[in-house]
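This document opens with one chain alone, in structure tokens, the form predicted on its own.
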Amino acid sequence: MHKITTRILAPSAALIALVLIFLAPTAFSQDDMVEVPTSAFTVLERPAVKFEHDNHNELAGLDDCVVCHHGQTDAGLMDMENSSEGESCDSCHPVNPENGKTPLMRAYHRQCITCHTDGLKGPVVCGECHKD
């Protein structure tokens, strides 16, 4: 009985491992992201921003995650060498921070508007991003 179970389980486990290996990149992709995350806000003043993560990055020619997902130094400053990819923005930028840290809404606006202004493309006015 033990040999039969091993003969069945071993190939099954190998097959499951292969499937997981091939699916892992999509698990870490944000192609299912269609809006800028707003769950940290208790009340929205405007509609959530529609944002198709992978499509946006392809159109913008962004390959390096740290461009948007910057890290933070021990002194609390922006770190463009280390990515914070996989962490929520509000883990470093709370809605109502203490000690003069950048609040979440300002971090979102600075990130998007600065890049759009510097690149001379993309929306920069409230109603161009916050649509129903």
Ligand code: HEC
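This structure is a prediction, so every number in the text was calculated from the model and none was measured. Numbering starts at 1 and follows the sequence shown.
What comes next is about the form predicted together with ligand HEC, which is not displayed.
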property: Non-hydrogen atom contact E81 with ligand HEC in the predicted complex at 4.5 angstroms; result: no
property: Contact of D64 with ligand HEC in the predicted complex (heavy atom, 4.5 Å); result: yes
property: S91 within 4.5 Å of ligand HEC in the predicted complex, heavy atoms; result: yes
property: E45, heavy atom within 4.5 angstroms of ligand HEC in the predicted complex; result: yes
property: Within 4.5 Å of ligand HEC in the predicted complex: residues from 64 to 86 (heavy atom criterion); result: D64, C65, V67, C68, H69, H70, G71, Q72, G76, L77, M78, S84, E85, G86
